[in-house]
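Here you get one chain, nothing else, as structure tokens; it is the form predicted alone.
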Amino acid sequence: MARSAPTEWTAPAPPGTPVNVAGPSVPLAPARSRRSRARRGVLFLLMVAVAAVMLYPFYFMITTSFHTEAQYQTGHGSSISSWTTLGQTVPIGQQLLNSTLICAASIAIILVVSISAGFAFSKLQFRGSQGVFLALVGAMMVPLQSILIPEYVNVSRLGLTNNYTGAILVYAALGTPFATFLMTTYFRGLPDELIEAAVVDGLSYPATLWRVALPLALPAIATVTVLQFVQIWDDLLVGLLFLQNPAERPITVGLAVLASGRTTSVPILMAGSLVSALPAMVVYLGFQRYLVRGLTLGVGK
């Protein structure tokens, strides 16, 4: 009896290799891979271009601040005299302290009001809550310029136009609607069963907010803190109107007064602008992870 020829052994294909059921295995066409790499390359170049456009002002500020006025005009040389002159012309330390105090007090008021109101709107049932919440959301649509004059009249009648208190109250009033909306959206994502279980266990609603809901809302709190800090720190209009005392001016108002002089040195102004921008940049970059998380969870919920 004739013996059959031995068949050649073939190693099994590794997992994930596409198999052609009509014949032997065929490798994937490289065209799809090339198109994917091309798209990633175009996206990378686009991001590099956007980053260059966004970072160029900071590069200009840094390089210009290390020039004298004559060196800035000629484009040659470097010096730290602009920084020395800035410290002698503007009380930069006092103005940075003023901005810090105003931001801290305003954000503290905004957090206390928005956390309490957000928990009440999301977890407590009371008559007229929907109408009050809609009115609060509607307050977000009102432009600042349209209410600034009435705000100034009210604050001036209270005699608070030349101290921190007036500016702090105005900043708190302007920031509370958005902060309350964000905290309400976030608290609505917490399970109602969790709040009910805490109440059944004997906790009051304030204790439930403090011991149960507040630790879970740290991302939203970080988001409100960062957004309000950047907005208040960089604001000029409110500080210019409500802080007319030179000893209590924030850094933005101090730089605006410096820029309004008859002879303004561009290097000195760039040095001051860099000092003013650094705190907001540090806070944003330091809390960027929590900011993105808080915004994402707030929108998703």
Partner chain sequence: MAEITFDRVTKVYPDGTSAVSELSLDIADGEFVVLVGPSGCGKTTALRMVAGLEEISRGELRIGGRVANHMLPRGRDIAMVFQNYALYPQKSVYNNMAFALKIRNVPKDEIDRRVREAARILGLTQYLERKPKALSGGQRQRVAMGRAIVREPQAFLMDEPLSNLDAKLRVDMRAEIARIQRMLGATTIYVTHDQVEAMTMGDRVAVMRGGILQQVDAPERLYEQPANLFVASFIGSPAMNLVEASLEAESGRLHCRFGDSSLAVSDICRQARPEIEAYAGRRVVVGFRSEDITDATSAPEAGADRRLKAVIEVREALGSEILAHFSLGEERAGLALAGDVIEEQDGGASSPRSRRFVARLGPRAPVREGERAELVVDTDRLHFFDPESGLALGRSRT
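Positions refer to the first chain, counted from 1. None of the values given here were measured: they were computed from a predicted structure.
Below: the form predicted in complex with the partner chain, not depicted.
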Heavy atom of residue 204 within 4.5 Å of the partner chain in the predicted bound form: yes
Non-hydrogen atom contact residue 211 with the partner chain in the predicted bound form at 4.5 angstroms: yes
The partner chain contact at residue 199 in the predicted bound form, heavy atom, 4.5 Å: yes
Contact test in the predicted bound form: residue 108 vs the partner chain, heavy atoms, 4.5 Å: no
Single option in 80, 194, 104, 134 placed near the partner chain in the predicted bound form, where near means a heavy atom within 4.5 Å: 194
Residues in 214-240 close to the partner chain in the predicted bound form, defined by a heavy atom within 4.5 Å, in order: 215, 216
